[in-house]
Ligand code: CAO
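In structure tokens, the next block holds one chain alone, the form predicted alone.
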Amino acid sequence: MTNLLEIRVPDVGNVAEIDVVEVLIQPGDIVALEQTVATLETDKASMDLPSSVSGTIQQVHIKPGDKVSEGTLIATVLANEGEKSIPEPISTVAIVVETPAIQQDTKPAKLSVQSEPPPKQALATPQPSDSKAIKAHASPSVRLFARELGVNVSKINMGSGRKGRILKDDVKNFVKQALTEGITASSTGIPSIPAVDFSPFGDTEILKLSKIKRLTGQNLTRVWLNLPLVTYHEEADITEMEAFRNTLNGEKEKGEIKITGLMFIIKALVAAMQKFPNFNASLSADGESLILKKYFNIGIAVDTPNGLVVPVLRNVNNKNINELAIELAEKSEKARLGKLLPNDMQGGCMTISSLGGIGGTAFTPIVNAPEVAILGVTRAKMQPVWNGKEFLPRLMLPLDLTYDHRVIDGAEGARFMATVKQNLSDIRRLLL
């Protein structure tokens, strides 16, 4: 009796479609357990798919360019003698992330429309013979709504209301059609960058961008164009915090995970998010509601040989700094080995991007939409600080908060950072 087994796509998280980039097997090949049989790619990571059985390939059911998902049949295998007829599922998939993994809303973001899209009957009406422009009629509330979306109502030549009056639905449909036609330089009113032939200046080499980098570039551009971003810079006095951290690490046994300053930053950030719930939220797709989250998951940007990834620490409000240190160390190691799963990088409420180990004095991190804020951290340094009587040496930590101005105004952003600063300057506040 032949013992035919199947290799299928395992659980890789909540990913609907995965592109097949490369198929490394063909009928007649002999595969070993855990041998890579195909390379898959999502918009966040490249994955090596391991074989769940050993034996001889009978039939391959996928080809490069196909789209697969959890459970898709990859190949049938004539199992080696003694191989189980129902293989154990492979629980991990090796992932190589080639570019910063930024979680994005799968729904289109608001588009700032400043110039007229290609003419269509639904959006434009013929101009009268005297070539005079047709005046757009809209109520003040509709005009305000259009301005919030970045739409010039004069570009909507005819509304669906009485006597051609422009309604909110007409503005929405205008934006939807612009999104359908694609976010391009012409549709946003932004001049495109002209192509340049660099060969006259010297030798060049063409290196095609991977799909991951192309999609990440599109996502970053979408955030930059659609979110009114504001960055607020602050410094926190962490002199006492650092002394306490060194004391804790001095009490640890050899081989135990050391506490880093990032653990205290996470706790201080979450305490501030609990006080200011708008920072633990996401804007609805229509821009008319705020989705407040009751959980506290923090994404941490981790530098790896293959690029920047953002594993998510879940329910950090219920964990102490030792538990957070252990969890981050485990996920950081998985990231460096290329073994993070997509669901390890999903569900974040706010992200921390730290350059403290490298340097710098300040930077402007880009919000990890659909989150509404991101905290940047650079290297702390000793500075003379005036206490009212004299200058004292204090260890000052630069912090950079970028937020979505549609959700958070300047005063709230400043108060939020003042709270984070207080929490770090006096960590006893985290007990309150």
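All values derive from a computational prediction rather than experimental measurement. In case it trips you up, residue 1 is the first one in the sequence shown, and so on.
The same protein also exists as the form predicted in complex with this ligand; that form is not shown, yet it is the one meant from here on.
Interface membership of Pro228, defined by any non-hydrogen atom within 4.5 Å of this ligand in the model of the complex, is ruled out.
When this ligand is considered in the model of the complex, Lys67 lies well away from it, no heavy atom lying within 4.5 Å. Taking non-hydrogen atoms only, Leu397 approaches this ligand to within 4.5 angstroms in the model of the complex. This ligand is not drawn, but in the model of the complex it has a heavy atom within 4.5 Å of Ser354. Remark: all three candidate residues (Met263, Arg336 and Thr378) come within 4.5 Å of this ligand in the model of the complex, counting heavy atoms only. This chain is displayed alone, yet in the model of the complex one of Val302, Ala178, Ala272, Met345 has a heavy atom within 4.5 Å of this ligand; that residue is Val302. This chain appears without its partner; in the model of the complex, the one residue of Leu328, Met350, Val142, Ile156 with a heavy atom within 4.5 Å of this ligand is Leu328. Only one listed stretch (362-370, 28-36, 401-409, 57-65) carries heavy atoms within 4.5 Å of this ligand in the model of the complex, and that stretch is 362-370.
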